[in-house]
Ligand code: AMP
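Shown next as structure tokens: one chain only, the form predicted alone.
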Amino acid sequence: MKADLHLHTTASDGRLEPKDIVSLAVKVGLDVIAITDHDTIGGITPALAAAEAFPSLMVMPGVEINTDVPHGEVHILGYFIDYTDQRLAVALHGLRDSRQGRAQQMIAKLSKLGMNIEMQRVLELAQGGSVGRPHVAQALFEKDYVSSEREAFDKYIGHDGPAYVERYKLLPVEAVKLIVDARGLPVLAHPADIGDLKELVPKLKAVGLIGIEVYYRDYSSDVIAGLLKIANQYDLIFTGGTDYHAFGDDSEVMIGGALAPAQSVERLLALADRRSLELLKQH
């Protein structure tokens, strides 16, 4: 079983439409994928519809919720969420609104630095999806203010950059609870980037975290070994994915380049089935 459980579409900051991600997943021989757009569930329904043409492919409905911590971010993946849940929809809508306000503030800061881009163009690049810093980076690159979108992050809109703007602060614990309330399975994304990981994991586990993304993009064997140790310590499912956006740059790992172990996928499926059964009993 080949499973890439961290993929983005045009519903957030990916470059491929949901149907195209599905087709590409089939082309590279994947059996299971998860659509995990930033702060939106907009890509799930079209991906599920596209997958009907490919019975061999399972599409997990998911989301990636961005949260803030001092000096950085923590991202929480949610698998098998109830994407029809109204409370989840309202919460994610609030996060997306804050993203637009944040982008406008970044544009104002960039203007003071002599780099003039238009909010309308940033929205066009987002194609009606969740607005993110990659769209601001695209707009800067289009106008030749930077030689690459990565340079835009490194010099201007990264955490220490002069045009960086903090967004609405949703805490990691709140994101885990939000996913649990939507009957989803919360998993900590790209954890090697988190400075206080050993302090954070038990706090998230206490409110419902069930997994940790161990196999991610190009993590080294040493990093993977360290994360497996933490996963085993807290009895967390170790998942994997490429965080694929179809950016097309040399640093991106191709879809299917980092996979979740088959045993982990089976554990996720078993947990999802158990929660569905519990929900039926409640009704």
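On a predicted model such as this, the values are computed, not experimentally measured, just so you know. Note that residue numbering follows the sequence shown and begins at 1.
There is also a form predicted together with this ligand; it is not shown, and the following applies to it.
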Next item on the list: Check, residue by residue, if Pro134, Arg167 and His245 all come within 4.5 Å of this ligand in the model of the complex, counting heavy atoms only.
Entry: yes
Notebook entry, point to check: Could you tell me if Glu73 has a non-hydrogen atom within 4.5 Å of this ligand in the model of the complex?
Noted result: yes
Notebook entry, point to check: Is Thr40 one of the residues lying within 4.5 Å of this ligand in the model of the complex, judged by heavy atom distances?
Noted result: no
Notebook entry, point to check: At the 4.5 Å heavy atom threshold, is Tyr145 in contact with this ligand in the model of the complex?
Noted result: no
Checklist line | this ligand contact in the model of the complex: Arg102, any heavy atom under 4.5 Å | finding: yes
Notebook entry, point to check: Pick from 120-128, 145-153, 168-176, 83-91: which stretch has non-hydrogen atoms within 4.5 Å of this ligand in the model of the complex?
Noted result: 145-153
